[in-house]
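This document starts with one chain, in the form predicted alone, laid out as structure tokens.
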């Protein structure tokens, strides 16, 4: 009687040549584990220990227990930064997902494959521009007399064209959030486009036979079948917005004023770099880590996907 496949594999692994190959595989993957441990896990563990100490980066650290966490929760500046990032998430996540989804739909519906390729390339090309350069470009856009003021004046909104976008406490945070118009992210676009390509053509044919309009097809076929992609992008968006640092650092440095555009990561950065409170900064870092981890777990557990069947028309 022929042996089961699993049994034959187990016997093969017992041969000297198979055992040598197995050992070689572990040896090849060992450097990757070493680099990940040294460059990722060790700093995280070091920061966790440092979160319970008072350390200025030079002298010996002193154990302070939960004092750093208590100080963070009692800090008005840190509290304001949390409010700002929640506002940023409430506005920025839809801005990052909806336009990218709509453009992916438009490109996918083009009848020519060549046209799909070139339009897709057109929207992806901006990723070659370094992120810092893009931020500085928008900084000049927002300057008095910049392109934003010029466009508003041309459209007849002269009152708004006179606003100091980054210098006014009422407009600075909104200016940072709405930066990046038309808000089409190359990564989000590709994820949605790949998801649309993965939907069986028979489903689209059935929707056409049932008389679905383009809007009904998007709402009852495409969106339900792209929930897995939306879930992935939602998790990445929450993590990305929770880690926002460069935009407010380069454009406003948390101002105007004390904390008008402060974010939690910028607050953490300033405590370490500007005030030499590295222990306090590590405490803030782990507050953010646990907050983002909890949000991710909630999303993964309770945000259900329905990737098998579309909703009934």
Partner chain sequence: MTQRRNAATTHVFLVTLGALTVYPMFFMVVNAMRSGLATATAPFGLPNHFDWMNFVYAWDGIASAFALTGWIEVVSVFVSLAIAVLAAYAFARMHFRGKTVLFTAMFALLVIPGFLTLIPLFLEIRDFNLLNTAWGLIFPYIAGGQAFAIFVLRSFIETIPEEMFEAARIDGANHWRMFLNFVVPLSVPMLITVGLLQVVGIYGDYVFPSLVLNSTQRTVSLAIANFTPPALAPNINAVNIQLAAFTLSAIPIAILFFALMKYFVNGMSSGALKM
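Positions refer to the first chain, counted from 1. What you see is a predicted model, and the numbers here were worked out from it, not measured in a lab. Between two forms, the rigid core is the largest collection of C-alphas that superpose within 1.5 Å.
Keep in mind that the form predicted together with the partner chain is missing from the display, and what follows is about it.
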Discussion item. Each of 83, 142 and 227 within 4.5 Å of the partner chain in the predicted bound form, by any heavy atom, yes or no?
Written reply: no
Fill in: Contact flag, residue 295 vs the partner chain in the predicted bound form, heavy atom cut 4.5 Å
no
Worksheet item: Using 4.5 Å between non-hydrogen atoms, is residue 31 touching the partner chain in the predicted bound form?
Response: yes
Worksheet item: Even though the partner chain is not shown here, does residue 275 get within 4.5 Å of it in the predicted bound form, heavy atoms only?
Response: no
Discussion item. In the predicted bound form, does residue 243 come within 4.5 Å of the partner chain, counting heavy atoms only?
Written reply: yes
Worksheet item: Exactly one of 160, 178, 204, 123 has a non-hydrogen atom within 4.5 Å of the partner chain in the predicted bound form; which residue is it?
Response: 123
Discussion item. By the heavy atom within 4.5 Å rule, which residue out of 38, 70, 60, 258 makes contact with the partner chain in the predicted bound form?
Written reply: 38
Practice prompt. Choose from 143 to 151, 167 to 175, 72 to 80, 204 to 212 the stretch whose residues reach within 4.5 Å of the partner chain in the predicted bound form, heavy atoms counted.
Written response: 143 to 151
Worksheet item: Out of 72 to 88, which residues reach within 4.5 Å of the partner chain in the predicted bound form, heavy atoms considered?
Response: none
Practice prompt. Tell me, please, whether between this form and the one not shown the C-alpha of residue 39 is shifted by 2 Å or more, with the rigid core used for superposition.
Written response: yes
